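Have a look below at one chain only, the form predicted alone, in structure tokens format.
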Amino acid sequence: MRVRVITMLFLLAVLLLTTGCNGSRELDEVAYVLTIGADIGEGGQLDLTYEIAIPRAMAGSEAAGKTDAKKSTRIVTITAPTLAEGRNLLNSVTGRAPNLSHVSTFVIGEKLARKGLKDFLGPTMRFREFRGSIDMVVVNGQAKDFIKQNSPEEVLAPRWFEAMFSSADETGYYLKTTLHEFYARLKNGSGSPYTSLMGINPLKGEGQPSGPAIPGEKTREYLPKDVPREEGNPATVIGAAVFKEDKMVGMLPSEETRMLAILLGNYPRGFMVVDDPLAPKHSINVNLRLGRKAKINVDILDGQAVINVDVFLEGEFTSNPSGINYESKEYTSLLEQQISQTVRQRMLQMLQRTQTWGADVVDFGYYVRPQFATDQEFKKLNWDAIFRKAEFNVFVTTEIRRAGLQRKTSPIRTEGE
């Protein structure tokens, strides 16, 4: 009994000594950084743009039922040699203790991405306030301009980023990439990193497609600055930034990014518009999704890689202006062939483009690894060099399973009928 009492008193003393908030700070004493942008500054330094929350303004606006992004955050740009020095200078500018544990997005300027992110990424993986779930994006331009001109209505910018990435599976036009995923691809040696591509659109309604359309396809592909639109928030998310090691080597427009999503198994659904096989002046809208994950096989013989890709898509056509009865098996097969051929050509275009960059964004090297007993043996293979000369065999099968809410299509009645 005496031992129990002494033990309980000891535990009570320990609990009393470990309580307290000696490291706590009031909200007005902390600068909560929500977004960090990085560009190349003068003399090779970094232009670091911080978007900082203003807690009192946020509380007041939310109480009134609104959140004004411009009044609830402020933006500070600091030139510093490293992220650590930028954090120190931020403390001098704001008069508050910077806290980076709420950073949700790294916005990387195009010039810095092309120069290389090796020095930038080092502290992000070691410092405890940076989380692996931070989203990585590259801006087609300067990061500071993007952060300043991004004007989401009645939401904070971090919530805008979160909403955009949560809806990426609606089209497959851009792919979510976290800091951990990007860093892991830098290290694994079998694939190349990629991020979402963003930019500021001029809002003049005069954008141009980034490349010619595939025969039989009505859908056009765009980069952020080229989307023909007017009004609204100029910030645009479309396409992918492709890296070779830590340097960005190119950009994939929207349709090629969709092909990448299909091969990665990250394509839940999306509309595709193709020519009517029997009435090319009309177009047919098809809502596609993956029927199964793409089957990929890589064979290497005498240093030559042959990459076989088998894709199976399921679809539902939602528009049929010509009135041809594509619900019947006779005509359905024509539409399926049209879609399969279009997807195959666009996919080959994406693979050949990344092959010239030497960037295996699909991670085909992952399918080669099991052929080697150790990681050292795989590295001796020099997969990057082999990938540049690889031969692609792409097979696409499409099956139309549904025809929307109509069982049979009939032409529109004309006078005299």
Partner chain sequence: MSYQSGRMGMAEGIALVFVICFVTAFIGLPAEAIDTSGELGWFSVIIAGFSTMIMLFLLIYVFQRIPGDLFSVSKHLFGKPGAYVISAYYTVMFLALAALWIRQFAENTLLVALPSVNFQLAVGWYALGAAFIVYLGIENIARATYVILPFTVAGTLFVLGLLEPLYKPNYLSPWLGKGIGSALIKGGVLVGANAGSLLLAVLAESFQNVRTLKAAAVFGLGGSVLLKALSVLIFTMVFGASVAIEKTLPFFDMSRLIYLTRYVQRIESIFIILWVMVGVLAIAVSLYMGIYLITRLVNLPAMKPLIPTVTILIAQLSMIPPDIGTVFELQSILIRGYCNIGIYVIPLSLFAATLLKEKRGTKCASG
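Keep in mind the model is a prediction, meaning the values are calculated, not measured. Numbering follows the first chain given and starts at 1.
Although not depicted, the form predicted together with the partner chain is the subject of the following passage.
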Can you work out which of Phe312, Tyr331, Tyr183, Phe271 has a heavy atom no more than 4.5 Å from the partner chain in the model of the complex? Tyr183
From Arg74, His102, Arg229, Arg289: within 4.5 Å of the partner chain in the model of the complex by heavy atoms is His102
Taking Pro152, Arg388 and Asn393 as the candidate spot, are all three within 4.5 angstroms of the partner chain in the model of the complex by heavy atoms? no
Contact between Asp299 and the partner chain in the model of the complex at 4.5 Å, heavy atoms? no
Trp357 near the partner chain in the model of the complex, any heavy atom under 4.5 Å? no
Thr374: touches the partner chain in the model of the complex, heavy atom cutoff 4.5 angstroms: yes
Can any non-hydrogen atom of Pro370 be found within 4.5 angstroms of the partner chain in the model of the complex? yes
Testing 124-132, 299-307, 141-149, 106-114 against the partner chain in the model of the complex with a 4.5 Å heavy atom criterion leaves exactly one stretch, namely 124-132
Are there residues in 213-247 with a heavy atom within 4.5 Å of the partner chain in the model of the complex, and which are they, in order? none
